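Only one chain is given next, in structure tokens, and it is the form predicted alone.
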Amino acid sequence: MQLALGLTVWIVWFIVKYGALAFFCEQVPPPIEQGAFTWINTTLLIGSVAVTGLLLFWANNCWRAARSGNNGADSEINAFIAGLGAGVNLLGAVVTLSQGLMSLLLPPCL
């Protein structure tokens, strides 16, 4: 479940971020002289940090599950899936944070 959930959250965040950015830049664009420090960028940065935190939390949980070990018959498969889930969530967190940090550098409506 963590394999699909982490990717789904990241994809939904990506769609919401760029959809909201396009909508607000069309409807209420901030003045260009304001630079990167606008309410749109602040909102996008806060959302990116929140999604990054959620993905890191899930990555940590998956990593712990992979490390906990289990002597069951299919423990290697479960450990592999948990490790893969940790990697997917960690990758999603890195990408989300890197996109969110762009809000500090670029004006929202170029």
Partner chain sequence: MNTNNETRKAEAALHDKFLKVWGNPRGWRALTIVNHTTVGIRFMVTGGIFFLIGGLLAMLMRTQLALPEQNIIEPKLYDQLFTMHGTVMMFLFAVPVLEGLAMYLIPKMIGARDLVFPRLSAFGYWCYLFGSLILMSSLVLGIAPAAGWFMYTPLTNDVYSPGPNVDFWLLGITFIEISAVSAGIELTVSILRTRTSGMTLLHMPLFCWYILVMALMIVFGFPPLILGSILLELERAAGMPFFDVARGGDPILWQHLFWLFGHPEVYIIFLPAAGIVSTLLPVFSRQPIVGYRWIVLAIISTGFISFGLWVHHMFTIGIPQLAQAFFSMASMLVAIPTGIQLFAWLATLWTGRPVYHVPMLWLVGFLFIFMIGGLTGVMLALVPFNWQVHDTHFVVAHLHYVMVGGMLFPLLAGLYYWLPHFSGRMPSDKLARWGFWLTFIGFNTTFLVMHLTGLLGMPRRVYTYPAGLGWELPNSISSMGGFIMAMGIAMVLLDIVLHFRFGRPAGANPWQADTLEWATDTPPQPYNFISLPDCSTRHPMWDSPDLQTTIAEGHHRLSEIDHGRRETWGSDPVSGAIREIIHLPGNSWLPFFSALALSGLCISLLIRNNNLALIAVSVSLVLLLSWSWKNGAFLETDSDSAVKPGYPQLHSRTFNGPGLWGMIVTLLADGALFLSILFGWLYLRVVAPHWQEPATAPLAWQPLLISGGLLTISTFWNHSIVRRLRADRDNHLQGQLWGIAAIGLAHCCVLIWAWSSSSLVATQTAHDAVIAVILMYQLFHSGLAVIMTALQAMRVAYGYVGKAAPYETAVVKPWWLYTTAVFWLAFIAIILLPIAWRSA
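Numbering follows the first chain given and starts at 1. Because the structure is predicted, anything quoted here is derived from the model rather than measured.
If you look for the form predicted in complex with the partner chain, you will not find it shown, but the lines that follow are about it.
With a 4.5 Å cutoff on heavy atoms, residue 52 does not count as touching the partner chain in the predicted complex; it lies far away. Proximity of residue 44 to the partner chain in the predicted complex falls within the 4.5 Å heavy atom cutoff.
Contact annotation: residue 84 falls within 4.5 Å of the partner chain in the predicted complex, judged by heavy atom distances. Looking at residue 37, you'd find every heavy atom of it more than 4.5 angstroms from the partner chain in the predicted complex.
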